[in-house]
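Shown below, as structure tokens, is a lone chain in the form predicted alone; questions about how it binds or moves come after it.
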Amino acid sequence: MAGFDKVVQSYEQAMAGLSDGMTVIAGGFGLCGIPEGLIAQIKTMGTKDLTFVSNNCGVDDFGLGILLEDKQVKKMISSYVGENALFEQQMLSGELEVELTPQGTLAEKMRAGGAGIPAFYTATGYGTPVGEGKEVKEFNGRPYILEESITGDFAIVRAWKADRYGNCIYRHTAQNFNPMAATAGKITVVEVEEIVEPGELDPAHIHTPGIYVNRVIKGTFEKRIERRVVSK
């Protein structure tokens, strides 16, 4: 990796600098659009006491769920945690701290963090446990709660295509939380299906400009189905 060329050749290079106690923002929704190889590298590294900001925590044997096996995750800031039995066990036993955040609020926390906005008001969560202890202000007669934005030491993201300069395109619903996550990391690492040369991507189709991206790695993906349902 040199100059504008952000491509790295190994997962060790991709996640270099990650250490215990850091905060990692992870793109994806369920198992759709998750950076599988980067998550696997974190497991291999054995980094612990991590805080993860992600819509969910994968499933027991895939996605972020594999990091629970060795208790690498100290805290999850998530919207949905219902597909992972180990997650439930660790949360109920007090081994895992969980901060549940409404889905739209979580997306805006990432986007605002990436935009340098420290906090914002939202009506979502007012009058519920989500709003407890948070500042309340009225706008046009409606109460809103103050939510702080989120940034991370690392952001790990999955894209469809990227060029060597880090410009990224997401495919269909795999876009989900990835564009917001990509802006909110001090170091943003993007795992992609295909790397192309600068100029090959239509500028009008780029979702994440390379200015947000520090490292790009080509991965291989299992594309597992989160919950398989078949007719009787």
Partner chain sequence: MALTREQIAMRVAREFKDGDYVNLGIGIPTLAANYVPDDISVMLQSENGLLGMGRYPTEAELDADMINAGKETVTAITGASIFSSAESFAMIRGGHVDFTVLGAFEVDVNGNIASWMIPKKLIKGMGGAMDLVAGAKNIIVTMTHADKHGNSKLLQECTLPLTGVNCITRIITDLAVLAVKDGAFHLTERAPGVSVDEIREKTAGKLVVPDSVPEMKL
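Positions refer to the first chain, counted from 1. Being a predicted model, the structure only gives us computed values, none of them experimental.
One more form of this protein should be noted, the form predicted together with the partner chain, which is absent from this view; the next part is about it.
Q: Can you tell me if G127 lies within 4.5 angstroms of the partner chain in the predicted bound form, counting non-hydrogen atoms only?
A: Yes, G127 lies within 4.5 Å of the partner chain in the predicted bound form.
Q: Please check if T188 has a heavy atom lying within 4.5 Å of any heavy atom of the partner chain in the predicted bound form.
A: No, T188 is distant from the partner.
Q: With a cut-off of 4.5 Å between heavy atoms, is K218 one of the residues that contacts the partner chain in the predicted bound form?
A: Residue-level check for K218: no, no contact with the partner chain.
Q: Please check if G82 has a heavy atom lying within 4.5 Å of any heavy atom of the partner chain in the predicted bound form.
A: So G82 counts as contacting the partner chain.
Q: Choose one stretch from 196-204, 38-46, 178-186, 65-73: the one whose residues place a heavy atom within 4.5 angstroms of the partner chain in the predicted bound form.
A: Checking each option against the 4.5 Å cut-off leaves 178-186.
Q: On the criterion of a non-hydrogen atom at 4.5 angstroms or closer, are L100, A174 and S231 all touching the partner chain in the predicted bound form?
A: The answer is yes: all three residues contact the partner (heavy atom, 4.5 Å cut-off).
Q: Would you give me the residues of 102-116 that have any heavy atom within 4.5 Å of the partner chain in the predicted bound form, in order from first to last?
A: Residues within 4.5 Å: P102, Q103, G104, T105, A107, E108, R111.
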